[in-house]
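We begin with a single chain expressed as structure tokens, specifically the form predicted alone.
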């Protein structure tokens, strides 16, 4: 990791993007500020501008109005200064898988930056093993399953050991086992490296696996609410944002309405243990 003293990693203020041919997306409301080591989710209804916000962070879009600063620079005009410090997993992984084989794809970025081939391929093999996809190293990326492509894209995003990892719907369209495997890997990675993570997801049952806090966008792109993931679901009614609460939240709120004192949690195992404790106390 580089420049450990720069605490603010991402800062966006009142950005607006006008598309060629008409139409625009604006992100106003709360200031969007991410500090080093945070895991942040961007939530909101379809079409609210979540992916557009991430593309501004990655320098893929230049705002018509407002300011974007990532790792101390404007990503749209100075991305070359920070590109080795940012990893990205796009919603459509086919856009970023370009190598003839999985191993070549994961090794592409460091080789393009002039890193030694021997060290690069050693690191590529190591991360493929950590993601349990080493056996895919000689396969063509575009013939892999959706979950396998996600893992390959994630491996390519992480091989440079970035300061910032940006993920657009990283667990979308993959089976339950792959979702659990990737989310467990990301949680372990964050515990080991404290890499800053920004992600979007439409699945509220897994958002706490990806983030500790989050912003909620309204349909117009405004950032209306910020808080821990637990605060967002237990302290706010997010139905107006088309966000259904996770199953654990729904269960706890039903039990609370029936007079049971269940402390808030997003963890299903913790909730199960609390319910068992209540049941045992009632039996005694």
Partner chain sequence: MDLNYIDYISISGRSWLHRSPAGFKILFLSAAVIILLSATSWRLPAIVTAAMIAIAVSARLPLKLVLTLSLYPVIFIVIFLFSVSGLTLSILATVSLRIISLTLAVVIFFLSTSFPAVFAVLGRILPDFLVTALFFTYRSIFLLSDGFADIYTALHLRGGTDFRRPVFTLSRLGMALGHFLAHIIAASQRMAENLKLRGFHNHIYYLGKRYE
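Numbering follows the first chain given and starts at 1. Just so it is clear, the model here is predicted, and its values are computed rather than measured.
This next part talks about the form predicted together with the partner chain, which is not shown.
Colleague: Specify the contacting stretch among 105-113, 202-210, 181-189, 168-176, defined as having any heavy atom within 4.5 Å of the partner chain in the predicted bound form.
Modeller: Selected stretch: 105-113.
Colleague: Does residue 74 make contact with the partner chain in the predicted bound form, using a 4.5 Å heavy atom cut-off?
Modeller: No, no contact at 4.5 Å.
Colleague: May I ask you to state whether residue 55 is within 4.5 Å of the partner chain in the predicted bound form, using heavy atom distances?
Modeller: Heavy-atom contact with the partner chain at 4.5 Å: present for residue 55.
Colleague: At the 4.5 Å heavy atom threshold, is residue 94 in contact with the partner chain in the predicted bound form?
Modeller: It does: once the partner chain is placed as it appears in the predicted bound form, residue 94 has a heavy atom within 4.5 Å of it.
Colleague: Test of understanding: in the predicted bound form, would residue 141 fall inside 4.5 Å of the partner chain by heavy atoms?
Modeller: Yes, residue 141 sits close enough to the partner chain in the predicted bound form that at least one of its heavy atoms falls within 4.5 Å.
Colleague: Contact check in the predicted bound form: 34, 63 and 162 versus the partner chain, with a cutoff of 4.5 Å between any heavy atoms. Do all three pass?
Modeller: The answer is no; none of 34, 63 and 162 reaches the partner chain.
Colleague: Exactly one residue in 245, 45, 29, 59 has a non-hydrogen atom within 4.5 Å of the partner chain in the predicted bound form; which is it?
Modeller: Of 245, 45, 29, 59, the residue with a heavy atom within 4.5 Å of the partner chain in the predicted bound form is 59.
Colleague: Taking 4.5 Å between heavy atoms as the contact cutoff, choose which of 131, 88, 136, 195 touches the partner chain in the predicted bound form.
Modeller: Contact check passes for 88.
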